[in-house]
Structures are given as structure tokens and as C-alpha cells.
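Below you will find one chain, with nothing else, as C-alpha cells; this is the form predicted alone, and questions on how it binds or moves follow later.
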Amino acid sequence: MVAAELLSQHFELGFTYTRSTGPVVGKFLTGLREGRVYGVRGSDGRVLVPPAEYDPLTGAALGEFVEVGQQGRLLSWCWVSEPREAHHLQQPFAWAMVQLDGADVAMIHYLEAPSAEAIRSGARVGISWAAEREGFITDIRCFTLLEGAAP
């Protein structure tokens, strides 16, 4: 049997353009810089966080902003035991689907936890803000568990 030679090529995906945030995403990012979280109300009454520019049901422009809480419920999660260089947290963490209080849909972000065993779906979590905020999604440094370790 002949050993196969492994071929590889470095590739970095990049976007070389600039996009304005517009009134909806701009309000969300400005809110993050100020330590507040805004969603937008859809035609069916649901509050979408992060906010969508257009209604997912009708396609109409959205603009009724709703401030939501800085705590919520962990709906689902996936443990990352070996973070990659590009991850903002360089210790093991979880990708988390968090539904903030007052929101009707979940957002995905980092969850800082001592171990995978400490996490359970349904746990209460809260925002840990970045020390310096500048109007990016990373102004939310991560979410943290508000309750003790899972039983």
C-alpha cells in the first residue's frame, strides 16, 4: 500500500467591501455600544433580536424598536473544547442560542462556562459586556451562567 500525500492550501475568506449598517442594524449596534440591546417587532408581534431590516413574513421594512433584557434562557449549546485562533474566547467555551428576556427568537453568541458539565439547556444566562465597547457584536463579550453549575 502506498501512503497518500496530503495536499493542502491556505485559504482566507475575506470581504473587501464596506457596508453601511442602516437604521435598523445601526440602532442595534449603537445600543450595544451603550450597553443596551434592541430588537425589532415583526408583523406577527414577535420581537426579533438581532433585529431584521425586513419582516420575515411579509418582506415589509421594519422599524418598531423594542429594548429587551440583558438576561435570558439558554435554548441550545455546543461545547468547543479547543478554540481556534479566530475565536474571541481562547479558553473552552460554548456556542449558545440565547433567547433574551423580551425577545421571541434566539441569538447565537459565546457562552463562558467552567465546563460542558456546568451547562444545561434552560439555564439563565446574562450578558458580560466588553470592557471597551465600540458598536460591534463583540461589545457583548460573551454570555455567562447566572445559576450555579448544572446538577
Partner chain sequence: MREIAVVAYSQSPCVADAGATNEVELIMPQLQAVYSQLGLASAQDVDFVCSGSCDYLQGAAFAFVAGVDALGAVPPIKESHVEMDAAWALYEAILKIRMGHADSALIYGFGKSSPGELPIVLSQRLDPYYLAPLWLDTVSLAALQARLLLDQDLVSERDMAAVVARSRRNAMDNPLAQLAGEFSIEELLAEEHFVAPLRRADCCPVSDGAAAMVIATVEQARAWGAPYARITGIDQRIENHNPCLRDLTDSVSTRQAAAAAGVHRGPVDVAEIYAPFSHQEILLTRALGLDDSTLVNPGGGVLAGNLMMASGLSRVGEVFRRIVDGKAGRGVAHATSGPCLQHNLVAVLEGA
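Positions refer to the first chain, counted from 1. We call the rigid core whatever largest set of C-alpha positions still superposes within 1.5 Å between the two forms. Since the structure is predicted, the reported quantities are computational estimates derived from the model, not experimental observations.
A second form of this protein, the form predicted together with its partner chain, is not displayed here; the remarks below concern that form.
The closest heavy atom approach of residue 46 to its partner chain in the predicted complex falls within 4.5 Å. Taking non-hydrogen atoms only, residue 123 never approaches its partner chain to within 4.5 angstroms in the predicted complex. Its partner chain in the predicted complex comes within 4.5 Å of no heavy atom belonging to residue 92.
Using a 4.5 Å cutoff between non-hydrogen atoms, residue 76 counts as a contact of its partner chain in the predicted complex. Residues from 119-144 that approach its partner chain in the predicted complex with a non-hydrogen atom closer than or equal to 4.5 Å are 121, 136, 137, 138, in the order they occur in the chain.
Once both forms are fitted on their core, a CA shift of 2 Å or more is seen for residue 13 between the shown form and the other one. In the predicted complex, the separation between the C-alpha atoms of residue 13 and residue 50 grows by 3 Å or more relative to the displayed form. A shift of at least 3 angstroms brings the Cα atoms of residue 132 and residue 17 nearer to each other in the predicted complex than in the displayed structure.
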